[in-house]
Ligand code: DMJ
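Next comes just one chain, in structure tokens: the form predicted alone.
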Amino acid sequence: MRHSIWLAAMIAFSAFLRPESAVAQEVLADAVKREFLHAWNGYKRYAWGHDALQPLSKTPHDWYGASLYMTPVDAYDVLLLMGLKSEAAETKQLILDSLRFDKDIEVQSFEVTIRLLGGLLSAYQLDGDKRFLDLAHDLGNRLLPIFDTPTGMPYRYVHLQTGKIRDSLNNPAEIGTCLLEFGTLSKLTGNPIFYDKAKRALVELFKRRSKTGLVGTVINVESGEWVRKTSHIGGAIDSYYEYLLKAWLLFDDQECKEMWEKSIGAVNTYLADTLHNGFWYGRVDMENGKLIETRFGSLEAFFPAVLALSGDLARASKLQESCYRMWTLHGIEPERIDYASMQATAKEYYLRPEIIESAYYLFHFTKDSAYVRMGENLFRSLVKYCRTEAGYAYLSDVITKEKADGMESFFFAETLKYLYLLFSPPATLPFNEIIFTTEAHPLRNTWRK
């Protein structure tokens, strides 16, 4: 019976899958909503109350043994934006009745901050129920011990009950990607400690940039010494740059503006790389800016969005063309390529959202329908290669299209959200009134006088 229902849904969806002509935006938005519900209903059936669904085995997965309700919290603002009222009400009840942070577990502060703290803050601003803010406040307090280092830059892990911290080797992304969430928590609760701690971490990291103006990949937060000096815009650094820009825009923080302007100047001077096959950002030695490798991947595809938000549409559009070239190399995006040879060097596709995010930003700023058509093709690829009976699965190999048993919460929070917003009317979420966190949770400056 379940198989026949799934087959009927696929047959009904076949009209969308035909590539002969462009599809109207409202039709695409509805199609994204249907696919969201398909994956959401799979999560509800097989993993309700757990962190995530494993869609091939149809089993739940919890990050730390005890559920922190990653998928419900991460997805709640999407349910509201899509107007899925009954699903949102059911999810809200689950979160408020069941989610507690007084747990005997150690968590990675970065992931918990962007998925849970950001999700709860966005839920509070969109929904208005103060219980979401109370949960966020409790979580924020439990995360504060990570900043107890000689430099003020945070440890990576903290125990939610004891406050015990560990792992002094951290990276710019995890150090610098908390000011939007912690700062918003400060503004909404009136307690400046969250803003001050997160801002100090960002400033201390910036102070340790090299003479080129670049940061490396790994730093010891106790000594302040760099352990790995490769500089790039990919994973382990990426959202550090994003938050310099967005913290300036959300909080009108002029020091963040200055740090962003100096940083983007260094990035464009030393990392930008133009070859015969496009415009890219490579990997260099942070000390001298010399190119180390022509490596680029799915996480780097967030950068056109950041460039567009900063007003640099010329570089943003050129880099998005390169990202799309990477996507179409095998019909769907590999985790990493060597852009000089255009060979995939890591063949997974983890249902990542970054190229879709950049298409959404570029469409907003340019109104060029080419980005809608690009998003349509990205959506078709997702449906064609990643859809399963119970949801969506990531690919272990983009060449063979072999699926793997995972569907992270960011697939709801980011991938499907950005697709839906790309195809929806601007009024669905007024772009100029919000700033997205790196997990795509929209935050509003409700405290500005």
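Note that residue numbering begins at 1 and tracks the sequence as displayed. Predicted, not measured: the structure shown is a model, and the values here were computed from it.
As for the form predicted in complex with ligand DMJ, it is not shown, yet the points below apply to it.
J.: Let me know the one among L160, L299, A266, L378 whose heavy atoms come within 4.5 Å of ligand DMJ in the model of the complex, would you?
T.: Answer to the contact question: L299.
J.: Which residue, S231, N170, Q320, S239, is the contact with ligand DMJ in the model of the complex, using a 4.5 Å heavy atom cutoff?
T.: Only one option qualifies, and that one is S239.
J.: Contact with ligand DMJ in the model of the complex for R352, defined as at least one heavy atom pair within 4.5 Å: yes or no?
T.: Taking the distances in the model of the complex, the answer for R352 is yes, it comes within 4.5 Å of ligand DMJ.
J.: Quick one: does F110 come within 4.5 Å of ligand DMJ in the model of the complex, counting heavy atoms only?
T.: Yes, F110 lies within 4.5 Å of ligand DMJ in the model of the complex.
J.: Any of the heavy atoms of F410 lying within 4.5 Å of ligand DMJ in the model of the complex?
T.: Although ligand DMJ is absent here, F410 would touch it in the model of the complex, with heavy atoms inside 4.5 Å.
J.: Does any heavy atom of I114 come within 4.5 Å of a heavy atom of ligand DMJ in the model of the complex?
T.: Taking the distances in the model of the complex, the answer for I114 is yes, it comes within 4.5 Å of ligand DMJ.
J.: Which one, 137-145, 274-282, 247-255, 353-361, holds residues whose non-hydrogen atoms are within 4.5 Å of ligand DMJ in the model of the complex?
T.: It is the stretch 353-361.
J.: Using a 4.5 Å cut-off on heavy atoms, what residues in 405-439 are near ligand DMJ in the model of the complex?
T.: Counting only heavy atoms within 4.5 Å of ligand DMJ in the model of the complex, the contacting residues of 405-439 are F410, E414, T438, E439.
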